[in-house]
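Take a look at this one chain, the form predicted alone, written out in structure tokens.
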């Protein structure tokens, strides 16, 4: 047998193997920074919380005794946990419909061929890039007794005297929810705007020829075509609503009298008191609730998408 051709074939196979190896490794090299960051700041903390939730962990001594489900039993018997869960659900019910429909209406309006439409898009997106600290300070001034919101409510006859909504137990949660809706308005509007611009214009022209009004075209064409975006906005709102923290911490701190203490504030308070086992158990409950709520919402909206395709 001639050894030279065999050696050449071997070198060619080796080069091809190295080429394929590099080709397969390249995507993983690009993903590596994200994998490292996710592992450090997401997966590792979740695993650590899972471990601590089954221990009576003393963080100062860095040791803990296995207690099984005792931490979960304790939080389920804690009335403040159920109050925090109720506040979280109410907050979500306030924010979810507004986050779905207000950005949709804004997107439809700025999608019209009007003069200055770019200026409107920038204006509506401005809250998204405003730091939450700045937004919270601004809204605290607006909600104060001398602020514009208080004066407007007096002018409309809702209150006889200027009232700070953030210090009233009956209105504080709704007032914080309004800040969340305002902050996310532009972000969700951009999502709807991208979907609107993918709808073929001849569909609207055909509807106009058939005599459909603007409202009928919005209901029959626009809303069904936006169902995938509605699904995305719903899931993002549910996840953000379940873990709402910054708005509350910067405006009410969970008060007044615990009226704005949500699940994340409940977890934060326990961590601040170095009760890490209870905080970790509550964190896992919050994670499971967020996943369950998101899956339920995705199932409901995907069923709606299937109905539209039929």
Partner chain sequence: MKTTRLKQQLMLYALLIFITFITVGPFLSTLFIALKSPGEGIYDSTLPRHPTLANFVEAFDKANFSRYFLNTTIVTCLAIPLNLLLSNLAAYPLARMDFRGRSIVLAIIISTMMVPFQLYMAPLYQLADALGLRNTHIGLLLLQVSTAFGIYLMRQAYLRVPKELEESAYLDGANRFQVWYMVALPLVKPTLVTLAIFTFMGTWGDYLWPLLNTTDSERYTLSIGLAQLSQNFDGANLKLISAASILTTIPTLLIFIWLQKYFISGATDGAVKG
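Rigid core: the largest C-alpha set superposing within 1.5 Å between the two forms. Remember, it's a predicted structure, so these values are computed and weren't measured experimentally. Numbering follows the first chain given and starts at 1.
Another form exists, predicted in complex with the partner chain; not displayed. Remarks below refer to it.
At least one heavy atom of residue 147 is located within 4.5 Å of the partner chain in the model of the complex. In the model of the complex, the partner chain sits within 4.5 Å of a heavy atom belonging to residue 45. Remark: residue 283 counts among the residues lining the partner chain in the model of the complex, judged by a heavy atom distance of 4.5 Å or less. In the model of the complex, no heavy atom of residue 159 sits within 4.5 Å of the partner chain. A heavy atom within 4.5 Å of the partner chain in the model of the complex is found for one listed residue only; from 93, 126, 220, 209, this is 126. With the partner left out here, the partner chain still marks one of 73 to 81, 201 to 209, 230 to 238, 167 to 175 in the model of the complex; by a 4.5 Å heavy atom cut-off that stretch is 230 to 238. Looking at 74 to 110, the residues that come within 4.5 Å of the partner chain in the model of the complex, counting any heavy atom, are 106, 109, 110. Superposed on the core, the two forms barely differ at residue 66: its CA moves less than 2 Å between this form and the one not shown.
If you fit the rigid core between this form and the one not shown, you'll see the Cα of residue 273 move by less than 2 angstroms. Residue displacement note: residue 253 has its CA displaced by under 2 Å between this form and the one not shown (rigid core superposed).
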